[in-house]
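Here we start with a single chain on its own, the form predicted alone, put down as structure tokens.
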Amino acid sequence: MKTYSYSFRNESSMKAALGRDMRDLPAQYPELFAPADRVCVVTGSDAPPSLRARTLALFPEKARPHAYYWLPPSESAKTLEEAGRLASFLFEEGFSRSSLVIAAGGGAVTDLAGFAASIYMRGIRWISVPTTFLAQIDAGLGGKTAVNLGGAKNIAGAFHQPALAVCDTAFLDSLPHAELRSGGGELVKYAMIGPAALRDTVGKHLSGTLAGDKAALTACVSACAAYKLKLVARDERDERGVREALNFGHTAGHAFEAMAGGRLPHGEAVARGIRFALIASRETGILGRADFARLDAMLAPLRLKPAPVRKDFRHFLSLVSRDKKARGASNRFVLIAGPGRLAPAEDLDVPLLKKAFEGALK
């Protein structure tokens, strides 16, 4: 297990535990757990028994039993109403400003529980324990807590950093290879935007990770999580442009995901969004053809199948113009000038966008 500490501009701090087969974290972080008068574990109602067993290995109950709160499965949990129900449960169970919430699950669980922790008594401490591949390298990290509103993702939310983020790759042992392959889009994103050492780690272990190799998974998850948390510490509230690198491939990817109506997993949508960004970067002249070929080849191990997306370019334009990161422009994308060299661009021409759109969905 590797432990990292991160400090933020508001003088708050966060610790991260990254590794495999961890045990009894309260004994290793007594400064976080000793002050807690109560502990609530929040997870999905569809969580397998193995998830609860691994969570109890991380946070044994000992003399003080935990309270448990079961969320509806998947994105259906991410509503203001469900956050209110969780806050009411904490109140009825006597939770105070000294209490602790542990969110163990995918990105929807950590988003919802973190948001509830941010509003309960104006903010109590919480621990993020992402248990899916995508959540461990992206969605369960960063302190952006939120719920959906009016059919749109993550509209009501708050920045509320966990006291501790835990990425234990033992949670991933039961995941089907299809889910690992789906998350490969995020791995490739980190390889493209990060420094050479991160690119080398992902490149060396990508095939093994997609095949479920435990050592490869641990190497990639630990490297990607540490890199994301480092960016977050430099730009906690996404105000300085540092975190925008993490949006590479996501503007078009979110649009493809929405257009597929649930038939395109997030990681595969991001992979398509990355290809869109590569083509757009080449067509604007930002990215040379040799670098384009080199970066595009990094997507090959994902074995992308034809995307189940209706090729409605007007709908795509409408979606990217409403993206919350557009900042008032007709469109805004994070493009790339070469490995680790990003170049945000706004108001790209429609013919260029159409060429990138069609190329990404082949």
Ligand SMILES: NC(=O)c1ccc[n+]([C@@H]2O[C@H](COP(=O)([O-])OP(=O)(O)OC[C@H]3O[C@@H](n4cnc5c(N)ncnc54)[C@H](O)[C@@H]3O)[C@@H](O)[C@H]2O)c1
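All residue numbers refer to positions in the sequence shown, first residue = 1. Model, not experiment: these values are computed from the prediction.
Not on display, but discussed next: the form predicted in complex with the named molecule.
Remark: residue 37 does not count among the residues lining the named molecule in the predicted bound form, judged by a heavy atom distance of 4.5 Å or less. In the predicted bound form, none of the heavy atoms of residue 304 sits within 4.5 Å of a heavy atom of the named molecule. When the named molecule is considered in the predicted bound form, residue 194 lies well away from it, no heavy atom lying within 4.5 Å.
Although the partner is absent here, residue 131 is a contact residue: one of its heavy atoms lies within 4.5 angstroms of the named molecule in the predicted bound form. Comparing 275 to 283, 234 to 242, 214 to 222, 152 to 160 against the named molecule in the predicted bound form, the single stretch with non-hydrogen atoms within 4.5 angstroms of it is 152 to 160. None of 82, 93, 200, 75 but one reaches within 4.5 angstroms of the named molecule in the predicted bound form through a heavy atom, and that residue is 75. Of the residues 269, 108, 116, 127, just one reaches the named molecule in the predicted bound form with a heavy atom at 4.5 Å or closer; this is 108.
Residues from 136 to 160 that approach the named molecule in the predicted bound form with a non-hydrogen atom closer than or equal to 4.5 Å are 138, 139, 141, 144, 153, 154, in the order they occur in the chain.
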